[in-house]
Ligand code: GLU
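Presented as structure tokens, the chain that follows is alone, the form predicted on its own.
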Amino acid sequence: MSEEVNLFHETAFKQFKKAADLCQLNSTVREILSQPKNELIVNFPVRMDNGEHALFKGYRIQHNNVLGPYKGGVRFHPMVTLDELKAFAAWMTWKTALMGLPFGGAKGGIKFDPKKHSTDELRRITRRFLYALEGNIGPDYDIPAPDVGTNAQIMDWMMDTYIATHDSRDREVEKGVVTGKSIECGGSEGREKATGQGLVHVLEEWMRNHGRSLKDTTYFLQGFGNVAYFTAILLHEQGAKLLAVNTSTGTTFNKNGIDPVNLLNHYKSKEKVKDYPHGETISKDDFFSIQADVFIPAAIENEINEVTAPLIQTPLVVEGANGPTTMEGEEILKKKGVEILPDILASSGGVTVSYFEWLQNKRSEHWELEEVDRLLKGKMQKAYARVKQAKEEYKTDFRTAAYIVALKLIETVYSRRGIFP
């Protein structure tokens, strides 16, 4: 696993270097962005249900905040590492800059398996982690969000801990210390589906530019978590056909199409897509070899690599996961003429609606779903247009163009503000 994480970190910064070279990024800005601004490691004890105490290791990587407060998820997972979080934090810097949001990039986590703990233990672990970070978190400084192993309930506990331990009369504004909260605790309408929805908007723009629509478009998905499920639901509503789904437990395939709602009901009860009664089980190699219009990897990093990339036959890959494609995998796809809509563009809907949530908390407002959906669509369309323009200007691929859009904005801000002292 450590080799995979190192590869993941290496891929992230090779992509950064490629774009920085092509757009001739200022050397000082390049040096600043090559490392996170802060790397926080905290070790804290938590009382377990049996009365004994266990020691936990937590991280918060704050990559850059020249555009605004640090922003990024918190993951609870036994394989959380410093290198992995450094790569994710940098990706958040590129994402927020690309989307034109007043945020920087961050990422954090605790190295443990949340499935092995009771609800009471999770609550105490969460609260103690937030408390251990002390003054390094705040609604105008660093704003966590859900990630792997965390959810709205975890964010509600984090928010409550922050408010309870800070002396302020403006409690409503302080709700913005985290995003991805439950609706009742200050969360935003549309946040749960936001990443999948943003991906669909980007895919729509690509289709429109190629004189096509989503109706009757065939696709297959890797993963069936939040991002993949909402992507499938939204594409289903527009007449696209889901051919297959692959997860860690296997693959189901149906050439006539899969109903994502029906599959979810099965998945929740059985937890194995390969046993889906309306599909046939196929191997992972056969999954990657499916003939379709679009492949959407929305599971984990490094899945499209030197082994799997030669199998892919779709003309388009849309990245719903962070870092699903290695540099070697990408080169193979490019030689085959496969276009890639990259993660920092296609999966930016979540952080965009997190920004809307933050604004609503600051203004003591709650926006209707229609307003959130309208604003998200506009943001995704504008970001796609900026990337497409950079792609044409620099005669490069979508990923490098997306990085260039982000890096040039950051470079401009540094040139105008100067570097202290």
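Remember, predicted model here, so these are calculated numbers, not experimental data. Just count from 1 along the sequence shown to find any residue number.
Although not depicted, the form predicted in complex with the ligand is the subject of the following passage.
In the predicted complex, Asp147 touching the ligand (heavy atom, 4.5 Å):
Yes, contact at 4.5 Å.
Ile125 versus the ligand, in the predicted complex: is there a non-hydrogen atom within 4.5 Å?
Although the ligand is absent here, Ile125 would stay clear of it in the predicted complex, with no heavy atoms inside 4.5 Å.
Does any heavy atom of Lys107 come within 4.5 Å of a heavy atom of the ligand in the predicted complex?
Answer yes; at least one heavy atom of Lys107 falls within 4.5 Å of the ligand in the predicted complex.
Give a yes/no on whether Ser354 approaches the ligand to within 4.5 Å in the predicted complex, heavy atoms considered.
Within the cut-off, so yes.
Contact residue in the predicted complex, chosen from Thr325, Thr252, Thr179, Thr93 - any heavy atom within 4.5 Å of the ligand
Partner contact (heavy atom, 4.5 Å) among the options: Thr179.
Please pick out the stretch from 79 to 87, 157 to 165, 345 to 353, 293 to 301 that is in contact with the ligand in the predicted complex, where contact means heavy atoms within 4.5 Å.
Going by heavy atoms within 4.5 Å, the stretch is 345 to 353.
Could you list the residues in 31 to 55 that come within 4.5 Å of the ligand in the predicted complex, counting only heavy atoms and keeping sequence order?
Heavy-atom contacts to the ligand in the predicted complex: nothing from 31 to 55.
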